[in-house]
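Presented as structure tokens, the chain that follows is alone, the form predicted alone.
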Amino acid sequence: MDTLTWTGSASFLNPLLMLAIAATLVAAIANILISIFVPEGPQQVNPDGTIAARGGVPGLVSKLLYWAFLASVGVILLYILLGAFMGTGAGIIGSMAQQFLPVWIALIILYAASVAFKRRLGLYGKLFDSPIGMIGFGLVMFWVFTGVFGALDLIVTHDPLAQVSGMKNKVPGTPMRGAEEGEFAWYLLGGDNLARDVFSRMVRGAWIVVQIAPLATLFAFMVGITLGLPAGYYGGRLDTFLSFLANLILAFPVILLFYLLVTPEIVATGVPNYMATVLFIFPIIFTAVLLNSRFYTQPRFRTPLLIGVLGVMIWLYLSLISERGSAVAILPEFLDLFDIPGGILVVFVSVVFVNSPTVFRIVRGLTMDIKTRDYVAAAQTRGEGPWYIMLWEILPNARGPLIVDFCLRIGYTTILLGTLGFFGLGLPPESPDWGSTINEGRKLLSIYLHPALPPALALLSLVLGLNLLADGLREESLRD
């Protein structure tokens, strides 16, 4: 069985891609030089109020950059399209494109439905009016679907923890000797220093990020919002005390905090579990206050609603913090819905603890600004309670900056998870998370690039997508 090349039978597209990329780079450099050395003339405005396109050489270079970039994207899409049909006939790229077929189908369905109903979907629908937002959303959802389908074993080609004899540090496209029937016959992105499939580890690593990063950011927002709203609204000693605590946490070195939390002696004392007990209760407090402030005039409806919702949330909360054999073992095994490994819990708690003070400061500042608006004064005149005003008047009007910060903070959390994995903190050593894989691959980086490069590029593309998504949301929220 032959070693796969990168493009296989689709190699006729290689000159086109090189030409498109070269044209894009030349146009980008020319555009930068023109913006530095050529003074801009007065902007021309069209009759409808829009700014007219630049003319002359600057306008020509801008058009060249635009079309060269579109040509590069078009050729890449051709690689993917051909690869989805040809598979290994189109080399490594074709095989990967075919493995990602469930992701492509999910993305097409998601984009088609979103564009068709975008006028009914509020801010999310308006995101599809922004090219930057659409690109960022596509990158993010690509890795979300990759994580989900990878966890269902629809994309991975091999067990990410399995070691195959003779595949140690093998280059991308190396065939497996003695592959059994029904087993994928190649290591698409090569093998690492323990003879594990780099492609499968990259895909399975996306599932770890998809599980931890959004949820940890959401919990951090629950903590920050629950404390930031009253601090900004009431001010005074409450604000001073909570701001002091936030500044105290922010002043503590983050990496040192993680080192302390994962120390076996600290873990044995149950400190991470106690921290989880405190931090994870904030979503319950937030939900209880939210529902009570909204339906406090309808006690017959409010009381059963609170009992049902809070009952389920308390059960989930106890399942999250309860861990057999730890300092916090509350629920019996038959009632415990989750079995979270201790290392994952430490990472989760650490991320929430570090991000919460920053969210608190943002929410506090927004609340101090919005509470002076006329509609807040009107709600106070109607006799609405403080928590109703905070949750139903101030918080909805702060949603734009908070949504943007939520996307950015998921990116920060993703980088943080990669950093923790790189330093071997919290997650098991054999974990396929991107940080651990990069750390293992860097040891032989001068000889073999393929073990460390795919997870590094995956991490880069996901964070880039989140930043572009945040930019698109910011543009549309400002227009709103």
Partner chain sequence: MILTALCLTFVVFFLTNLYPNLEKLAKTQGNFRMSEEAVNSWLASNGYDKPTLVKYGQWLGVLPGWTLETEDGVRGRCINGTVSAEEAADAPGLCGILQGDWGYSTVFKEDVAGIIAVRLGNTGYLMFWVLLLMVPSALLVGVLAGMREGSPLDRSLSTFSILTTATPEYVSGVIFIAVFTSSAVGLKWFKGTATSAMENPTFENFFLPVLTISLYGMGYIARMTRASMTEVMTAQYIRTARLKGVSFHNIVLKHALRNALIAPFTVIMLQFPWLLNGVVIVETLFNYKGFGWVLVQAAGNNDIELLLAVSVVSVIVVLVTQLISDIGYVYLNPRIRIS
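Numbering follows the first chain given and starts at 1. Because the structure is a prediction, the values reported are computed rather than measured. If you superpose the two forms and keep the largest set of C-alpha atoms that fall within 1.5 Å, you have the rigid core.
Heads up, the form predicted in complex with the partner chain isn't pictured, but that's what we're talking about next.
Visitor: Does W67 make contact with the partner chain in the predicted complex, using a 4.5 Å heavy atom cut-off?
Guide: It does not: once the partner chain is placed as it appears in the predicted complex, W67 has no heavy atom within 4.5 Å of it.
Visitor: Is there a heavy atom of Y259 no more than 4.5 Å from a heavy atom of the partner chain in the predicted complex?
Guide: The answer is yes: Y259 has a heavy atom within 4.5 Å of the partner chain.
Visitor: Does I415 reach the partner chain in the predicted complex, with heavy atoms at most 4.5 Å apart?
Guide: Yes, I415 sits close enough to the partner chain in the predicted complex that at least one of its heavy atoms falls within 4.5 Å.
Visitor: Would you check, heavy atoms only and a 4.5 Å threshold, whether I438 touches the partner chain in the predicted complex?
Guide: Judged by the heavy-atom cut-off of 4.5 Å, I438 is in contact with the partner chain in the predicted complex.
Visitor: Tell me which of 242-250, 202-210, 218-226, 282-290 has residues with heavy atoms within 4.5 angstroms of the partner chain in the predicted complex?
Guide: Result of the contact check: 242-250.
Visitor: In the predicted complex, which of the listed residues (L306, V254, V148, I76) lies with a heavy atom within 4.5 Å of the partner chain?
Guide: That would be V254.
Visitor: Within 4.5 Å of the partner chain in the predicted complex, heavy atoms considered, which of L402, I266, L154, A106?
Guide: So the residue touching the partner chain in the predicted complex, by this definition, is I266.
Visitor: Taking only heavy atoms into account, state which residues of 453-472 are within 4.5 Å of the partner chain in the predicted complex, ordered by sequence.
Guide: L453, A456, L457, L459, L460, V463, L464, N467, L468, D471 sit within 4.5 Å of the partner.
Visitor: After the core is overlaid between this form and the one not shown, has the C-alpha of E265 moved by 2 angstroms or more?
Guide: Indeed, E265 is displaced by 2 Å or more.
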